[in-house]
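Just one chain follows, in the form predicted alone, and it is written as structure tokens.
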């Protein structure tokens, strides 16, 4: 019997193509909260069908208050709320046999729907020279705790960006991006069935999976949208400036690199202006 960690984002859900569908207070947001819980419940059902003893779901989108606990499969636990040390991966250190990434999206500068990397002001990210999406960064943290990523669901780019560097993960392509704000989506009932079936399948072979562990030393390079963001990020001596808009984080410990990455995003966000970005 295995324990399963599920990180659920929103931009990668089937049918989601617009900020109006995934940002709290926008006119289609409540409708896509329903899609979010339906896809999550399909994974939970598949996990328990395969004999899981525990499923922990981490709400990983925006303010992380999207999943309604009263509509979530009652066999699963839920982490919600912001200001979590591990953000989208909160709880990954509790001892799991695998992780599942649901509703994930393409990286900043990627070709996918609603593409970005953690925040709107990261223009590009590279981990040891590899273009790094949220999935790649989160898989690295999971690997630090010995947890392989068994499954990722999102558009074709979100899935391929992880599988290109980590082929162990299975994928469910819920929609095909046309442009950043358009996609051809599959019927949600069909997506639910595949999420259920793929979850059952990956859990049956979970002990053959290997955690994602990039070879140290780790070098995470971030290009930010404005020089002022880099200047603010360097208020703490945790990174090196490469040029006016680029910095690097170096380290042998994936957890240390990840926490410095989180700190840089928080510091840089303080330099943003609501009118000028």
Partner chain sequence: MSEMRRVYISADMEGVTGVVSQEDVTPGRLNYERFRKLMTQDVNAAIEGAIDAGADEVLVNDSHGEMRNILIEELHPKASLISGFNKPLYMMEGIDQNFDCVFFIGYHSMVGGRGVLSHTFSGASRVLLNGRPTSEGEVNAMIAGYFGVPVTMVSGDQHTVSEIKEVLGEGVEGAVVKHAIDRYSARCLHPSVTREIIKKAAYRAFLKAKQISPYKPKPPITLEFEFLQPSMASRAAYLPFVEQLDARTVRVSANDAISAWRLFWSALLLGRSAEKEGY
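Nothing here was measured: the structure is a model prediction, and the numbers come from that model. Positions refer to the first chain, counted from 1.
The following text describes the form predicted in complex with the partner chain, which does not appear among the structures shown.
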{"query": "Listed residue (33, 219, 54, 232) with a non-hydrogen atom within 4.5 angstroms of the partner chain in the predicted complex", "finding": "232"}
{"query": "Stretch in contact in the predicted complex with the partner chain, which is absent here, among 233 to 241, 42 to 50, 23 to 31, 207 to 215 (heavy atoms within 4.5 Å)", "finding": "233 to 241"}
{"query": "Heavy atom of residue 184 within 4.5 Å of the partner chain in the predicted complex", "finding": "no"}
{"query": "Distance check, residue 253 to the partner chain in the predicted complex, heavy atom within 4.5 Å", "finding": "no"}
{"query": "4.5 angstroms heavy atom contact with the partner chain in the predicted complex for residue 85", "finding": "yes"}
{"query": "The partner chain contact in the predicted complex: residue 2, any heavy atom under 4.5 Å", "finding": "no"}
{"query": "Partner contacts in the predicted complex for 247 to 274 (non-hydrogen atom within 4.5 angstroms of the partner chain)", "finding": "256, 259, 260, 262, 263, 266, 267, 270, 271"}
